[in-house]
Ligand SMILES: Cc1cc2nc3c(=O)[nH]c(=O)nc-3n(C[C@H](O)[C@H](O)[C@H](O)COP(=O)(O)OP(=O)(O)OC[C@H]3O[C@@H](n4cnc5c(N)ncnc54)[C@H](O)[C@@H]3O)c2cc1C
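Form predicted on its own, single chain, as structure tokens, below.
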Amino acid sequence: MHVELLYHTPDPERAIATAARLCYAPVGASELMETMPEERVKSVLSTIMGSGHFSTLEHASYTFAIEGVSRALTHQLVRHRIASFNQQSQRYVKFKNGLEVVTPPSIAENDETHVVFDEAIKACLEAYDALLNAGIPAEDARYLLPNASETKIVVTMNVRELLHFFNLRCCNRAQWEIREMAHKMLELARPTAPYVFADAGAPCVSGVCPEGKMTCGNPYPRVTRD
């Protein structure tokens, strides 16, 4: 799995604070962006994060390039509707030279199940090739491709949605592959906006686990902002 932060709003914390401060300032946003002291930026951010007035977080966004993940993962990812996605197409890309797959660790660590998995993947790809060679369009032959198929996707989310995404997908109860991806995304985002993302992650990072009897029983270390 490879996760890269392609782009983010320049100086995202200042952009967020500017949007929030504009509501009460006699000057325009461009002047606020240029002249607001750093201590004032942090003060505004503290108010935003403490009060839950998160609409201002929507003015900063992040774009990630993600490779080496499965279609099983992206089927979960695109359920986050307040985001933009562009994914490698199985309609137009023909995998005639083979298709990389993602093998779950629980399968890979057992020789017998690994053999079963590999044989099933091989059968799917052989049938896929046979259909393509018979002139079947790729958009129809792809019906044979498994959820394990490796894919590439570009994802853009604003900060508000990113925090929600991390809240759900960094949790120990999230599916292992998307959890790994979420942690990689958070590692890349946090240095760019350390105050906003200070306690981002699973709910137990900053509060109480909401899972009730479904809790993993192994909470992440608590984090607090300076």
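Everything numeric in this text was worked out from a predicted model, so none of it was measured. Residue numbers run from 1 along the displayed sequence.
Just so you know, the form predicted together with the named molecule exists too; it's not on screen, but the next bit is about it.
Since the chain is shown here on its own, which stretch among 95-103, 80-88, 134-142, 109-117 would lie within 4.5 Å of the named molecule in the predicted complex, judged by heavy atoms?
Heavy-atom contact with the partner occurs in 80-88.
Give a yes or no for Glu161: in the predicted complex, does one of its heavy atoms lie within 4.5 Å of a heavy atom belonging to the named molecule?
Within the cut-off, so yes.
Would Arg40 show up as a contact with the named molecule in the predicted complex if we use heavy atoms at 4.5 Å?
Answer no; every heavy atom of Arg40 is more than 4.5 Å from the named molecule in the predicted complex.
Does His53 make contact with the named molecule in the predicted complex, using a 4.5 Å heavy atom cut-off?
Judged by the heavy-atom cut-off of 4.5 Å, His53 is well away from the named molecule in the predicted complex.
Does the named molecule come within 4.5 Å of any heavy atom of Leu32 in the predicted complex?
Leu32 lies outside the contact set for the named molecule.
Which residue among Met49, Met36, Ala65, Leu168 has a heavy atom within 4.5 angstroms of the named molecule in the predicted complex?
When the named molecule is considered in the predicted complex, the option within 4.5 Å is Leu168.
Taking only heavy atoms into account, state which residues of 171-190 are within 4.5 Å of the named molecule in the predicted complex, ordered by sequence.
Result: Arg173, Ala174.
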